[in-house]
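Okay, here we've got a single chain as structure tokens, the form predicted alone, with questions on binding and movement later.
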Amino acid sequence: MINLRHLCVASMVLFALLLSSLAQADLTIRITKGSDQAIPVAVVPFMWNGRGNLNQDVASIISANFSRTGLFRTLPREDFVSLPTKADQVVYRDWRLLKVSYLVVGSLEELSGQQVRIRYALFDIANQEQLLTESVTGSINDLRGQAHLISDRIYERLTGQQGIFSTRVTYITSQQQDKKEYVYRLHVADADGQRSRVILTSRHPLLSPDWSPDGKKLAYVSFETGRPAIFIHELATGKRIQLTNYQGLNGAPAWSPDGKQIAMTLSRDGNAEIYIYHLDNPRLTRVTKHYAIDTEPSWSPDGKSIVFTSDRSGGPQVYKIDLTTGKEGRISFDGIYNARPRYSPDGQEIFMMHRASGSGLFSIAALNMSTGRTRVLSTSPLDHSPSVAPNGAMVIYALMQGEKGVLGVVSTDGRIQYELPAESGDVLEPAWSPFLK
């Protein structure tokens, strides 16, 4: 069993174990598990009314977005019997024969000033009904972003749940320069792994990135001062603020829901405890007071409580503390190892790193806060660092694929699973952004 005195720096240990060369590139998607009950959808190629050729296939991006949800199965283009681009061209009989439930058609029109207008429509084939018709205007150089926005709107119309295609993920990579030195990079990419952008490059380890609630900043751990320190990074400007540099541990930053505080792990008083850093009037409040190791905090959606990892029971388990009353107690009992807890957006579940009794596998699991039951979502040998999508539908995490670290995504119902590996090297420490305005 892993001792939590090592777990409190588990991200650092795992990071060291996963080091290898990395070529900077977008992440690719490899679907490893699908659903037999997925609803069939067809997304017809959008007609282009403009000069030259477009650098992105909007319909293809929308189709790929829906394929990843597990709720929908997109029809291959070679099976299409017609290519409508507007409502009066849709022949419902054609699509019923192909057993399609929903159809998306559209067109793109070139405007002045490098702008493009995208018109699209959504149809219910069985009921012969047009469900949605809208237009989106934006830069011709951001067709992927507009495709994600259209995907979000269609997804919400069909499911009643806000889509996450326009959200982003952050993650860390490393590249070995010689036998002893590495270069570490903090990336931000679209939720599908595309348009990866390096936010920070360092010759010192970077760990535990966490998004601010407005999606404009990241908090993370850097070793650039010679020991772990917590920084805040403004994405638009690149401005960085060093928040802590206490002796010992400075780790696991977690923004509060209102963005005014950051929970973290510090050992400034000799033992690893949970603290809250108040940003408006800089000061620290100590949350836990126990001789055991307390680490990896995560705020409840209402900001009234924090869950964290502790070895108070003799091994890593998840505990909860009420920030108003100070009442705390253990909440994970299934399995010999439960760590890195993360709340679902509705506060009803905790997603965590889990090891069942008698098993050598570290999986991603969901703990129901009402029933106390644990539901295992992944089955790789070493799955860790879960982060929940802002609509609660998916969880991104790090996993080992042989000797290589990649990112995995699993739906919270377990019906679909896919991986986001880089072309070479390791990818780890993911965090899913909030909804972005």
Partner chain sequence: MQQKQLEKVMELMKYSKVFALAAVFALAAGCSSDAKKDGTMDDVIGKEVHSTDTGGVSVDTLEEQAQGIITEAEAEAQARARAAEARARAAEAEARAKMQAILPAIRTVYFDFDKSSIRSEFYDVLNGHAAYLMANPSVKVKLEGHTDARGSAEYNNALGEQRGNAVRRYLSLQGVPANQLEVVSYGKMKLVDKSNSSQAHNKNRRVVFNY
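For clarity, every value in this text was computed on a predicted model and none was experimentally measured. Residue numbers count along the first chain shown, from 1.
Note that the form predicted together with the partner chain isn't included here; everything after this is about it.
This chain appears without its partner; in the predicted complex, the one residue of Thr167, Ser332, Thr170, Ser208 with a heavy atom within 4.5 Å of the partner chain is Ser208. With the partner omitted here, the residue from Ala147, Ile350, Ala272, Ile364 that has a non-hydrogen atom within 4.5 angstroms of the partner chain in the predicted complex is Ala272. The closest non-hydrogen atom of Leu382 lies within 4.5 Å of the partner chain in the predicted complex. A residue is said to contact a partner when one of its heavy atoms sits within 4.5 Å of a partner heavy atom; Asp192 fails this definition for the partner chain in the predicted complex, lying far away.
Proximity of Phe72 to the partner chain in the predicted complex falls outside the 4.5 Å heavy atom cutoff.
At least one heavy atom of Asp426 is located within 4.5 Å of the partner chain in the predicted complex. With the partner omitted here, the stretch from 307 to 315, 127 to 135, 81 to 89, 103 to 111 that lies within 4.5 Å of the partner chain by heavy atoms in the predicted complex is 307 to 315.
Proximity to the partner chain in the predicted complex holds for none of Asp142, Leu407 and Val410, with the criterion being a heavy atom within 4.5 Å.
Residues are counted as partner-facing when one of their heavy atoms sits within 4.5 Å of the partner chain in the predicted complex; in 217 to 251 these are Val221, Phe223, Gly226, Arg227, Pro228, Gly248, Leu249, Gly251, in sequence order.
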